[in-house]
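Here we start with a single chain on its own, the form predicted on its own, put down as C-alpha cells.
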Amino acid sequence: MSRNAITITPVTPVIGANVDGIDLGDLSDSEFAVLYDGLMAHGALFFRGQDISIESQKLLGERFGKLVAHPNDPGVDGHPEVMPIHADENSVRATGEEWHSDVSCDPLPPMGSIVRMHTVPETGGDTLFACMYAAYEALSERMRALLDGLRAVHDGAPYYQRVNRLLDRDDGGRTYPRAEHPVIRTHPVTGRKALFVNKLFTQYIVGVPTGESRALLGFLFEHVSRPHFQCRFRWRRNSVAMWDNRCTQHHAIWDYWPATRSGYRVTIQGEKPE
C-alpha cells in the first residue's frame, strides 16, 4: 500500500508542529520513527482528521512506552489507562485549567501524553503549550546558576483533593503521589536542560527558607507563562495532540461553557528526572 509523505511543519520557532500525511491508526515502524524524532525536536505534535478508536490510541501510546492510569480520575470502562476528558453545561470545572506538566508529582512523571478530541465547541477550548527549554534558556546566567542543583517537592494531594471537593467526590482517604525532583532537569534524549516546576503540583524548594521558596517559585510560575515560549492549538473534531511532558507545560482554556468538549487521553510513563 502506498503511503503519503509525512510533512512536519513547525508552529513556532520554539514549540509545536503540525503533522500531515499520516494515519495514527495504521503506523509503520518507519513512520513512527519520523514521529518520535519530530516529538523530540518540537515538544508537541498536532494532527487533524484522526478518527481512531480507543484501542488504536492505546496502541499508539504503547509505541512510546508503558501506559499508566491517572492517580485521581477514573478511566474508561475496561480501559483504566484511558482518561476521559469532558466538560459540558453541567460541569463545574474543566481539566487542566492552569499551567502544568501532567502528574509531575509522580516519582516517575509521564514521558508524554496523547489526547484525541471527538467533540469540540464551535469556538474556544484551545490548549496552550509552552517550551521549558526556552523558559530555562531565557533565564539569566545568574538565575540558572542559582537554580541548578536545587530540588523541589511535587505533591498531588492539594490539587486532587481540591478537585474531589469541587466535584463532591469521595476520595476514600486515598494517598496521592508525592516526589522530589530537580528544579532544572536534563532531557534523557536530547540532553537539553529544561525548567521543571509547575503551578499545579510544585509545593516548595527543598532546603530554602519558606519566603525565598515562595518568591522563587512565584517568579518561575509567572516566567513560564510568557507568550515567547508558547504555541496555541485549536481543536477540531478528531484532532490529536501529543506532547513531551519532560520539556513542556500546557494550559487548557475553559472559555466555551455551556458547550461540550470531550475526548480521551493516554499517558506514557517516564523515568526519574535528573
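Don't overthink the numbering: it's just position in the shown sequence, from 1. Every value quoted in this text rests on a predicted model; they were computed, and no experiment measured them.
Although not depicted, the form predicted together with ligand SIN is the subject of the following passage.
Engineer: Which residue among V82, V120, A179, I85 has a heavy atom within 4.5 angstroms of ligand SIN in the predicted bound form?
Structural biologist: Contact with ligand SIN in the predicted bound form is made by I85 alone.
Engineer: Between ligand SIN and F47, S53 and R234, in the predicted bound form, does every residue show a non-hydrogen atom at 4.5 Å or closer?
Structural biologist: No, none of F47, S53 and R234 comes within 4.5 Å of ligand SIN in the predicted bound form.
Engineer: Is N72 a contact residue for ligand SIN in the predicted bound form, using a 4.5 Å heavy atom cut-off?
Structural biologist: Flag for N72 set to no.
Engineer: Using a 4.5 angstroms cut-off on non-hydrogen atoms, would T95 count as touching ligand SIN in the predicted bound form?
Structural biologist: T95 belongs to the contact set for ligand SIN.
Engineer: At the 4.5 Å heavy atom threshold, is A252 in contact with ligand SIN in the predicted bound form?
Structural biologist: Output for A252 is yes: heavy atoms within 4.5 Å of ligand SIN.
Engineer: My question is simply whether F229 lines the interface with ligand SIN in the predicted bound form - judged by any non-hydrogen atom within 4.5 Å.
Structural biologist: So F229 does not count as contacting ligand SIN.
Engineer: If we take heavy atoms and a 4.5 Å cut-off, which stretch out of 186-194, 146-154, 99-107, 162-170 is in contact with ligand SIN in the predicted bound form?
Structural biologist: Stretch with heavy atoms near the partner: 99-107.
Engineer: Just give me the residues of 256-274, first to last, that have a heavy atom within 4.5 Å of ligand SIN in the predicted bound form.
Structural biologist: R261, R265 sit within 4.5 Å of the partner.
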